[in-house]
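Let's start with one chain on its own, the form predicted on its own, as structure tokens.
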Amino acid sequence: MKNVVTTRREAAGLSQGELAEEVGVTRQTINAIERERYDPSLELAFELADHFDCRIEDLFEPELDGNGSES
């Protein structure tokens, strides 16, 4: 899933490890999200949005298939 987690994290001056600690996951999880290799759980998406004081939709954009549906 496309996301702007890296941009938000860097703007906040945080390392992947620091962000991971603040939202209760591993650095590897943050890395996988940022590289779009892992879609976070709904709970983690809410944690990240809360941390960055924004909406989930401001962080994540679902990839749509040609019919406008999520793939």
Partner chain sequence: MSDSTRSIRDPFAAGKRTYERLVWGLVLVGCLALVAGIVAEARLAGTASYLVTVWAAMAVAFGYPYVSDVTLLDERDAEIHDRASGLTITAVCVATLSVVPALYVLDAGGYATIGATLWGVIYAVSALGLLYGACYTVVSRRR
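Residue numbers count along the first chain shown, from 1. Everything numeric here is computed off the predicted structure, so don't read it as measured data.
The next section is about a form of this same protein that is not shown, the form predicted in complex with its partner chain.
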Please check if Asp58 has a heavy atom lying within 4.5 Å of any heavy atom of its partner chain in the predicted complex.
no
Are any of the heavy atoms in Gly13 no more than 4.5 Å from a heavy atom of its partner chain in the predicted complex?
no
Classify Phe46 as contacting or not contacting its partner chain in the predicted complex by the rule of any non-hydrogen atom within 4.5 angstroms, answering yes or no.
no
Contact test in the predicted complex: Pro62 vs its partner chain, heavy atoms, 4.5 Å:
no
Pick out the residues of 11-35 whose heavy atoms come within 4.5 Å of its partner chain in the predicted complex.
Glu21, Gly24, Val25, Thr26, Arg27, Gln28, Thr29, Ala32
